[in-house]
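Have a look below at one chain only, the form predicted on its own, in C-alpha cells format.
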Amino acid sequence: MIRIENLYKRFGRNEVLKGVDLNIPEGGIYAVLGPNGSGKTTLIKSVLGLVIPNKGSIKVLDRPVKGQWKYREEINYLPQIANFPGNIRVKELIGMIKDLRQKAGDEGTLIRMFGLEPFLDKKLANLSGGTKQKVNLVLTFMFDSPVIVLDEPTSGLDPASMIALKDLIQKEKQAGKTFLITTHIMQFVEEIADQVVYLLEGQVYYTGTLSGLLEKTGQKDLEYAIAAITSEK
C-alpha cells in the first residue's frame, strides 16, 4: 500500500529525515508518533507529495510518487491546520471541495454525525475552533478513498465528537481503508491504533504493535513508554 525506502529530507542544514524505511500494508490504522521535530509532519507531507525528499523512494498503491500527482486522488487528507477564507460559508466550502475533487461526496451523513446542521449557513470566521475541525473532518471523510491521512485529527473536539470520530475511523477500517494518523493524544492511540510507528530524530525507532512497544520499553502504558524513549535519547 505505502512503501518508503531510505528516505532523506534536509531543510537547509537541518536533516529532518535520515534514512526512513517503512512498509504500510493495506488496511489498518497506523499511528505515527514522536516528539516535536522528529519528522512526523515531513514524513506525512512526503507521502502526499507536498515535500520533495532529497533521497529515497515512496510508493503509494504500488505506484512511485516521484513526479506523479494522480495518486493523490486516492488519498483523503486532514491537515493539522486547514486554512480557508473566513468569509466562506460552510455549505459553500463543502460544495467548492466537491467541485475541485470532482468526486461524489457523502457529506450528509457526516454533517448529521458531527451535528453541523445549524452551522451550514455560517461563515468560517464565525465558528469556534472545534466546529471548524468538525467541518474539516466532513471534508476529509466525505470522499471514498483507500488511504486516509489524519494530522492531529482530535484538535478541539468535544467528547461526543471524539467518540463519533473513533467510530467513523473503525467503520472505514472495516471497509478496508488504510489510515496514517499523527497525534499527541496517547489515549486516542491506545484505543484505535493497530500499529505504532515511532520516529525519533528523523529515524524509525520502532514499528509494530502497541504491546510490542510496551514490552520493548518495559512500561505499562503508552504515555510512559514514549516518555521513557524520549528520556533515553
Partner chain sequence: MLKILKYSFYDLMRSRWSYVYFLFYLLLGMVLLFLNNDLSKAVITLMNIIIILVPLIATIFGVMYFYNSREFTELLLAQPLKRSSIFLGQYLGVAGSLTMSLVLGLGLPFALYGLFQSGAILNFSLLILIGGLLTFIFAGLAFNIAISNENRIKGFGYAVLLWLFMAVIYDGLFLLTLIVFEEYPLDTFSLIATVFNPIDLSRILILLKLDISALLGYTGAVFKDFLGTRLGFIISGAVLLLWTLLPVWSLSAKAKRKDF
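Residue numbers count along the first chain shown, from 1. Values in this document were obtained by computation on a predicted structure and should not be read as measured data.
One more form of this protein, predicted together with the partner chain, exists but is not displayed; see below.
Checking 158, 144, 152, 92 for any heavy atom within 4.5 Å of the partner chain in the predicted complex turns up a single hit: 92. The contact residue chosen from 96, 163, 125, 104 relative to the partner chain in the predicted complex is 96, the criterion being a non-hydrogen atom within 4.5 angstroms. Stretch-level contact analysis of 46-54, 23-31, 163-171, 194-202 against the partner chain in the predicted complex, using heavy atoms and a 4.5 Å limit, identifies 46-54.
Taking the partner from elsewhere, residue 77 is found to have a heavy atom lying within 4.5 Å of the partner chain in the predicted complex. For the chain shown alone, residue 85 is a contact residue for the partner chain in the predicted complex, at least one non-hydrogen atom being within 4.5 angstroms. A residue is said to contact a partner when one of its heavy atoms sits within 4.5 Å of a partner heavy atom; residue 72 meets this definition for the partner chain in the predicted complex. Residues of 8-44 that come within 4.5 Å of the partner chain in the predicted complex, judged by any heavy atom, are 9, 11 in sequence order.
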